[in-house]
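The chain below stands alone and is given in C-alpha cells; this is the form predicted on its own.
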Amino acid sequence: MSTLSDDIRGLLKRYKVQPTKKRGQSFLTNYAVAKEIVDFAELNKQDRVLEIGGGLGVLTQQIAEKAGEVHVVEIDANLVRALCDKVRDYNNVNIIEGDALTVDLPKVNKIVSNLPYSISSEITFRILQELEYEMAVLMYQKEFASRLIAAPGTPEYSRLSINVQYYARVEEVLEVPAEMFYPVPVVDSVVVRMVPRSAGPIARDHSVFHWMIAGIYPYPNKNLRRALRIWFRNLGLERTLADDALKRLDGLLSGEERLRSISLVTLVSLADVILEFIESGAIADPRV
C-alpha cells in the first residue's frame, strides 16, 4: 500500500530535490498532524498567514483551505516548482522564492510553519522583532523547543529562553515523533504556540537588555555576582562595578543567585541599572 512517505519520496525525485542537513530539511509525512498544527492557529478567512519553508506543501494546502491569504517563503527553486504545482488550484497563495532570513517578509497576522531547523534561532528572532503578529504556531526540534518554554530554575533555562520570553508567551501544544518525517531526523519535534507578550516587565532599552543577557549568560551555572564580574572584566571595567550594580537593586538580588534561577522581571530591573551606568558614563554605550 502506498503511504504519504512514498509520495514524498516520489515528489522529491520528480522535482530533483535532495534533502540536506545544511538546510535542515525534513518533510512532514502525516496529513493528520498537519491538520492539527493548522487547527492550533485558529484560522479564518480574515487571516493573512506566513509559512516559512513551504517544502512540498503538506501544511500549505491545509492553511490555504482556511485562511484568506497565504504567503509561503521557500529557498529551494525545485521546491518552489513543486509548491506552484501543489497549490495551482488555490488563488489565495503567494509563493516567495528566497531566503527567509533576508527577503522582505509580508505583513501578516499569523505564522504557521514547520521551520527549517538549521535557521531556528535566527528566524525566530526575526519573527519576534520584525513582524506584528497575533499568533505563531511553529515546529522545532524538541531540544530547542524545550529551551523556548523553559522556566527559571530548570536545566533548560538559558539565554534563548529569556530572549524569546521577553517578547512572547510560549506554550507547547503538540509533540511530533521523528517517524512522522522524511528523511527521519534523529530527534522528535515539538509544536509551540507563541503570542506576543502584552503585559509584564519591559526594559527601558531593549538593546541594552539583550546586550546584558549576551554578556552574562555564557556562564549560566555561575552565580550572578561572578558572572557580572567576568562580563565587566571582559569589557575592561573594574570588577567592583558588579557590587555597585547589585546595591542599586535595593536587595532585589544578593548576587548569590544562579543565573538559571533568575526571573525575567528581575533581569529587566538589572538591565535598567546597567542602562543607568551607561547614561552616567560608567559603562561605554554599546549602541554607538
Ligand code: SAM
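Being a predicted model, the structure only gives us computed values, none of them experimental. We number the residues from 1 along the sequence you see.
The next section is about a form of this same protein that is not shown, the form predicted together with ligand SAM.
**Request:** Mark Leu59 yes when one of its heavy atoms lies within 4.5 Å of a heavy atom of ligand SAM in the model of the complex, and no otherwise.
**Result:** Yes, contact at 4.5 Å.
**Message:** Quick check on Glu175: any heavy atom within 4.5 Å of ligand SAM in the model of the complex?
**Reply:** It does not: once ligand SAM is placed as it appears in the model of the complex, Glu175 has no heavy atom within 4.5 Å of it.
**Message:** Since only the chain is shown here, I'm wondering whether Glu122 would be in contact with ligand SAM in the model of the complex (any heavy atom pair within 4.5 Å).
**Reply:** Contact with ligand SAM, no.
**Prompt:** Is there any non-hydrogen atom of Leu50 lying within 4.5 Å of ligand SAM in the model of the complex?
**Reply:** No - in the model of the complex, heavy atoms of Leu50 and ligand SAM never come within 4.5 Å of each other.
**Request:** Only one of Ile111, Met194, Val73, Val191 comes within 4.5 Å of ligand SAM in the model of the complex by heavy atoms, so just point that one out.
**Result:** The residue from Ile111, Met194, Val73, Val191 that makes the contact is Val73.
**Message:** Just to be sure I understand the contacts: of Val93, Ala100, Ile127, Leu138, which is the one whose heavy atoms reach within 4.5 angstroms of ligand SAM in the model of the complex?
**Reply:** Partner contact (heavy atom, 4.5 Å) among the options: Ala100.
**Request:** Report whether all of His206, Ile216 and Val273 sit within 4.5 Å of ligand SAM in the model of the complex, measuring from non-hydrogen atoms.
**Result:** No.
**Message:** So if I measure heavy atom distances to ligand SAM in the model of the complex, which of the stretches 196-204, 146-154, 162-170, 74-82 falls within 4.5 Å?
**Reply:** The contacting stretch here is 74-82.
**Asked** Using a 4.5 Å cut-off on heavy atoms, what residues in 206-243 are near ligand SAM in the model of the complex?
**Response** The stretch does not touch the partner at all.
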